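Consider the single chain below, provided in structure tokens and representing the form predicted alone.
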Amino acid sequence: MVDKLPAPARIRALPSWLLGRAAAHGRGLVREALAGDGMPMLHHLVLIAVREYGPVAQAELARAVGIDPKDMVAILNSLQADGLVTRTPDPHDRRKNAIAATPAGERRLARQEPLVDAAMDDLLAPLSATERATFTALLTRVVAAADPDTPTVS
């Protein structure tokens, strides 16, 4: 008897199954790379979003990255305690917090970007540079078709 049976061949041939496996492997590589810098992956995601959208309202940030608002509070508390973001009253609506990256947050992201890039290089190592570009372009089209409101990266 086999210790662990593989997924059935029909399932292994489905693009959705393959994408899920590749995504899980990629997340694991990124998680491991960021752990080496002492940052959980969701914290990294939030810090990148703050850099791109900031200053941004806390609730808008939570919606943009798909994180529950209660979880967002804990992540922002941690990032703020590490000096990576600031929370100040929104000048347009004092009931809201405006989140912005600090210079330390910018430096931390600059240090992490090569780590994430290396993780993506590991993920896509079986592909040539041309195949990587084609693969990314094809995935971008699939995502855009599924969610036309998601902006694409040029």
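Residue numbers run from 1 along the displayed sequence. No experiment lies behind these values; they were computed from the predicted model shown.
Note that the form predicted in complex with the DNA isn't included here; everything after this is about it.
- You can rule out all but one of 46 to 54, 89 to 97, 122 to 130, 103 to 111: in the predicted complex, only 89 to 97 has residues with a heavy atom within 4.5 Å of the DNA.
- For the candidate spot formed by 7, 12 and 15, no residue has a non-hydrogen atom within 4.5 angstroms of the DNA in the predicted complex.
- Taking non-hydrogen atoms only, residue 64 never approaches the DNA to within 4.5 angstroms in the predicted complex.
- At the 4.5 Å threshold, heavy atoms of residue 42 reach the DNA in the predicted complex.
- Of the heavy atoms in residue 69, some are within 4.5 Å of the DNA in the predicted complex.
- In the predicted complex, no heavy atom of residue 35 sits within 4.5 Å of the DNA.
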